[in-house]
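To begin, one chain is listed below as structure tokens, in the form predicted on its own.
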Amino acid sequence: MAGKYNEQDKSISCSVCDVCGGCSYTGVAYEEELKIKHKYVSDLFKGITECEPVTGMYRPIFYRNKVHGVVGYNKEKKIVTGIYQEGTHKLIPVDTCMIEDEESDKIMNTLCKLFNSFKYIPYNEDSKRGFMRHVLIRKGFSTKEIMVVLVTSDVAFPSKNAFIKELLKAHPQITTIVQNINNARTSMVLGKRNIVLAGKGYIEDVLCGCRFRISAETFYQINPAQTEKLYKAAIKAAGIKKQDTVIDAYCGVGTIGIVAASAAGKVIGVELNAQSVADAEVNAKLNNVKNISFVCGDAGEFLVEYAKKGKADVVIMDPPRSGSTPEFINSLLKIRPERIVYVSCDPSTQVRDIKPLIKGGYKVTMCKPYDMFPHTSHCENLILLSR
């Protein structure tokens, strides 16, 4: 598969973009893409606030630190990894992607050769038979640590030691290999059980001067260069003071809360994923941050309870693409923090969520988009609401 980057206008081309559905702006000059994304966010916030220009990426290629491949057969009955064609279960083989980490793609190609060599049968979602389901590769761009996650339908791993030996021989830079067991009839990539086959079972990365542990299933932003810009802007916008109590809602592995903790009196991180909370607690110790605590639970439910007796000066929220919940928004109006920093990967759900806050006495004082996912249709947006 061929992919090209045009140094002059920062556009990309790719031979499978028409069927892949991942990149919406192939062949489009990057400046033009940023203008389109700016118009999209500006139109959403029309009548609410002015939108700043989109903060783009210096070299918008090979930025994804997390690479996922579905394991299956190609037309020649060779084992390949790739993605499902948009809206279907038809596998599109991918050996090079212009937005994925190059080193991870090379490891993925080696894995395909080894799957064929060891005669592992790809899992078939229709017949519910087969062994190898998915591959997930995560890389710490700062630390250069690499995790390979092999998602299998069964615990029994034929010729496991020989397979690992061959993989590490081809790519000695891999620091850990994890087998994830997913025997459920589901479209979810990961199952609940992990077996560490080599290394520590996790990797670490450095972001905004802090060190973070990343496990197979934990959420971590996929574009570290842009995340650093976004987080620094978010914390600056929050205007945190030494006596402030800060709530970091939907906190993941604690990234933004840990970075913000040095400016705050107290930080409370809330996250539903138990593994992410475990990693967040480790991350606080790694960075010697003592004024942060974490709650494992639904952010909306937590804030409903917290609003009965607690107060917060600043709330930082980074919910999933579907946005926040009415319960969470209503609880914000009860505790009435001075400032709310809302980071969203879907500005349309962000606009929906902030309208009740505006009615409740808040004003949007910043709207700053970030291009976290160059060449795709997505755009991240940073909103500051002040009381």
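Numbering starts at 1 and runs along the sequence shown. Keep in mind that this is a model prediction, so the values were computed, not measured.
Omitted from view is the form predicted together with a small molecule, to which the following refers.
Engineer: Which residue, Glu228, Asp298, Asp95, Glu204, is the contact with the small molecule in the predicted complex, using a 4.5 Å heavy atom cutoff?
Structural biologist: For this set of options, the contacting one is Asp298.
Engineer: Name the single residue among Tyr250, Phe294, Phe115, Tyr123 that comes within 4.5 Å of the small molecule in the predicted complex, judging by heavy atoms.
Structural biologist: Exactly one listed residue reaches within 4.5 Å, namely Tyr250.
Engineer: Heavy atom to heavy atom, is Ser153 within 4.5 Å of the small molecule in the predicted complex?
Structural biologist: Close contact is absent here: in the predicted complex, Ser153 is far from the small molecule, nothing within 4.5 Å, heavy atoms only.
Engineer: Looking at the partner-bound form in the predicted complex, is Gln221 within 4.5 Å of the small molecule by any heavy atom?
Structural biologist: Heavy-atom contact with the small molecule at 4.5 Å: present for Gln221.
Engineer: Is Val282 part of the interface with the small molecule in the predicted complex - any heavy atom within 4.5 Å?
Structural biologist: Close contact is absent here: in the predicted complex, Val282 is far from the small molecule, nothing within 4.5 Å, heavy atoms only.
Engineer: Hey, in the predicted complex, is Leu272 touching the small molecule, heavy atoms inside 4.5 Å?
Structural biologist: So Leu272 counts as contacting the small molecule.
Engineer: The chain here is shown without the small molecule. Which stretch in 133-141, 101-109, 255-263, 193-201 comes within 4.5 angstroms of it in the predicted complex, by heavy atom distance?
Structural biologist: One stretch meets the cut-off, namely 255-263.
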